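Starting off, we have a lone chain in the form predicted on its own, written out as structure tokens.
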Amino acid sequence: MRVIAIASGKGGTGKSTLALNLGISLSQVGKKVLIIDADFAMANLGVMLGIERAPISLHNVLMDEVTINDAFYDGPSGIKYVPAGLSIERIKRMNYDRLRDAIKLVKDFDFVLVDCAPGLEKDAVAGILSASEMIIIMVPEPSSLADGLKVKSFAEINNIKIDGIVTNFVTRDKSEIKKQDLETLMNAKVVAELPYDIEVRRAAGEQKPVILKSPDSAFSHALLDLTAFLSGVQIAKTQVKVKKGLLQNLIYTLTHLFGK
């Protein structure tokens, strides 16, 4: 069983979106997957799945009220997930150190994905130390790089294997840090480049995973590269369907009216 922390140096990098959609994608290629929402203060996994409140959550586990197996819920495409609670008051009474021991009780999964809190505060550290491997997600810009380096350094000090870097919201703008430069600076491989894709926002608005709502989107196709890398399963891709905007339609029409 591989326990992988999905970590980031700062918030807003799309960490929870990656954890959820990667978990579903791994399940679709036949892997048994558990996703744990360990972002205790800003729990999003249940919200992303359209679940407003769960009677038993990771908060209960870390307060030693139940075992982690009692907090499993069925998710899409056969995944299991453990939500974090939404009570701020309960956070003050949780023992973060229990997370690693709780995960040791998990059995019969191929992958356990731990959606960590961003940064290196106590909650984030608990999530990172509960895993044996890590994927660092970042956006290709300097401040995200600086924070990512800190997270990577902490993981290495604690003998956590770095599977690779995932960049998100990639636009190919010249202001972005190039893949080769990022790999050199981080001394780690970029295992997936996830493009900025409006389909991700649309899926989030409908509280549906984009890998299910828009499997032919650019984001979903890029995610398959990461799925194949982790699972060892080769995945055939269908052609990406790109929706034309108003300007694109106008250019297309004029081109065909007046020639190239």
Ligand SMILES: Nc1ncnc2c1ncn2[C@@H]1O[C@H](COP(=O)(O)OP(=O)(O)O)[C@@H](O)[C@H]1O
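The first residue of the shown sequence is 1; numbering continues from there. Note that the structure is predicted; figures quoted are calculated from it, not measured.
Although it is not shown, the form predicted together with the named molecule is what the next lines describe.
- Of the heavy atoms in Val61, none are within 4.5 Å of the named molecule in the predicted complex.
- When the named molecule is considered in the predicted complex, Arg53 lies well away from it, no heavy atom lying within 4.5 Å.
- Mapping the unseen interface onto this chain, Asn168 counts among the residues with a heavy atom inside 4.5 Å of the named molecule in the predicted complex.
- Not displayed here, the named molecule is approached by Val200 to within 4.5 Å at the level of heavy atoms in the predicted complex.
- Listed residues Thr227, Gln28, Asn44, Ser217 were compared with the named molecule in the predicted complex; Asn44 is the one with a heavy atom within 4.5 Å.
- Residues placing heavy atoms within 4.5 Å of the named molecule in the predicted complex fall in a single listed stretch, namely 191-199, out of 228-236, 28-36, 63-71, 191-199.
- Heavy atoms closer than or equal to 4.5 Å to the named molecule in the predicted complex belong, across 1-27, to the residues Gly11, Gly12, Thr13, Gly14, Lys15, Ser16, Thr17, ordered by sequence position.
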